[in-house]
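A lone chain, given as C-alpha cells: the form predicted on its own.
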C-alpha cells in the first residue's frame, strides 16, 4: 500500500509539471496550444542529445527550458502573433506546428525509441518504503515549481502585467502595459516549461517523435478542469492522476489510461467550472 501511495503522489507531480506550460499559455493568451505535446517531445530529445554529448542529466533540464523559451519566442512572433485576431486559426496553427515538429524529429532521429540517462538511479528508503529516487525527486521539483510559478505571477512586474491582461486586455493596454510583449514572454515561458518537463520525464520513459501526444491529451483535460489556477491544477493532478494509478493498479492498465479523460469529462459535465472557484 505504501508504494501505491507514492505512485499516486509522484504521478500527480509528473502530471502537474507536464501541464503547467499549457496552463500558462491558456491563462494569459486564451490560446489552446496544441503544439504543447511537440514541445514536450523537444525537451525529451534535448535530454537524449545531452546524454549522448556527456552533459549531466541535471543540466539537460535547464538547457531544455532555455532552448524552449527561445523557440517559443520565435514561434509566437512568426506563427501566433499574426493570428491574434483569428483565435481559431491560431489554434489550428499550433496543431499544424505540432505535426511539423514531430515529422522533423521522425526524419532526424527515425521513429524508433530513444533513451536518456537518469540523473538519479536506484531506490531510497523513504518512510519505510523502498521507492524510486528519481520519482521522489520529481515530486520535490513539482512542489518547488508550483511555488515558483505562484510567486512569479503574484510578486513580479511580469506577473502583475500578465494578470492585468488576463482580467481585461484593453484596459491593460490603456494603462500602458505592452500586451504584445506580455503575450510573447508568456508563450516563451509556456514553451520553456513544456520542454523542461519533457527533459524531466524522459528518463522515466523514453522519447520518440510522438512521445508528447498522450501527455497533451491528459494535460488538456487537467487544465480544463482546473481553470486558470495553479493550486487547482495541483489538486486536479492529485485527484485525477491518483484515480488513474488506482484504476491501473487494481482494475486494468487499459482502463487506467482512459481515467483522466473520462473523469474530466464527467466533472465538466456536472460543473463547467471544474475545480476552479472562478
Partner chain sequence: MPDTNITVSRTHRAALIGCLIGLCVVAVAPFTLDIYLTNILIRTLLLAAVVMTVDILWGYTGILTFGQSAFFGIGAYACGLVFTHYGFGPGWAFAALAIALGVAAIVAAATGWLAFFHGSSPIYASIITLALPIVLTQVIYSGGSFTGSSSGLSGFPTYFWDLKVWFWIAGGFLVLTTTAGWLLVRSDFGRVLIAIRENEDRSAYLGIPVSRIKTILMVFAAMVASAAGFAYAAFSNVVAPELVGFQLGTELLIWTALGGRATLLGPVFAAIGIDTMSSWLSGAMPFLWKLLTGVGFVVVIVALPRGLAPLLTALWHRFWPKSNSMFTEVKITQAPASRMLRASFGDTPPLRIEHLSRRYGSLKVLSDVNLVGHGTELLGVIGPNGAGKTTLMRCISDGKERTDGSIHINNVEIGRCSPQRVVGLGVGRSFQNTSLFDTLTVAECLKLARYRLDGAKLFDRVDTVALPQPALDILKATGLDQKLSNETRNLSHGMKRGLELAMVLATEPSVLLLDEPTAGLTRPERMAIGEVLTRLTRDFGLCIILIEHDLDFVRAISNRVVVLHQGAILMEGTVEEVVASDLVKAVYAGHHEEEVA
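Fair warning: this is a prediction, and the values are worked out from it, not measured in the lab. Residue numbers count along the first chain shown, from 1.
Another form, the form predicted together with the partner chain, is not on view; read the next lines as being about it.
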- Task: Decide yes or no: are 111, 221 and 254 jointly within 4.5 Å of the partner chain in the model of the complex, with each residue judged by its heavy atoms?
- Result: yes
- Message: Can you pick out, from 120, 143, 92, 129, the residue that has a heavy atom within 4.5 Å of the partner chain in the model of the complex?
- Response: 92
- Can you pick the one in 185, 149, 97, 137 that has a heavy atom within 4.5 Å of the partner chain in the model of the complex? 97
- Stretch from 129-137, 186-194, 199-207, 80-88 whose residues place a heavy atom within 4.5 Å of the partner chain in the model of the complex: 80-88
- Query: Is there a heavy atom of residue 230 lying 4.5 Å or less from a heavy atom of the partner chain in the model of the complex?
  - Reply: no
- Could you confirm whether residue 34 comes within 4.5 Å of the partner chain in the model of the complex, counting heavy atoms only? yes
- Does the 4.5 Å heavy atom contact test between residue 74 and the partner chain in the model of the complex come out positive? no
- Query: Any of the heavy atoms of residue 217 lying within 4.5 Å of the partner chain in the model of the complex?
  - Reply: yes
- Query: Does anything in 105-127 come within 4.5 Å of the partner chain in the model of the complex by heavy atoms, and if so which residues, in order?
  - Reply: 106, 107, 111
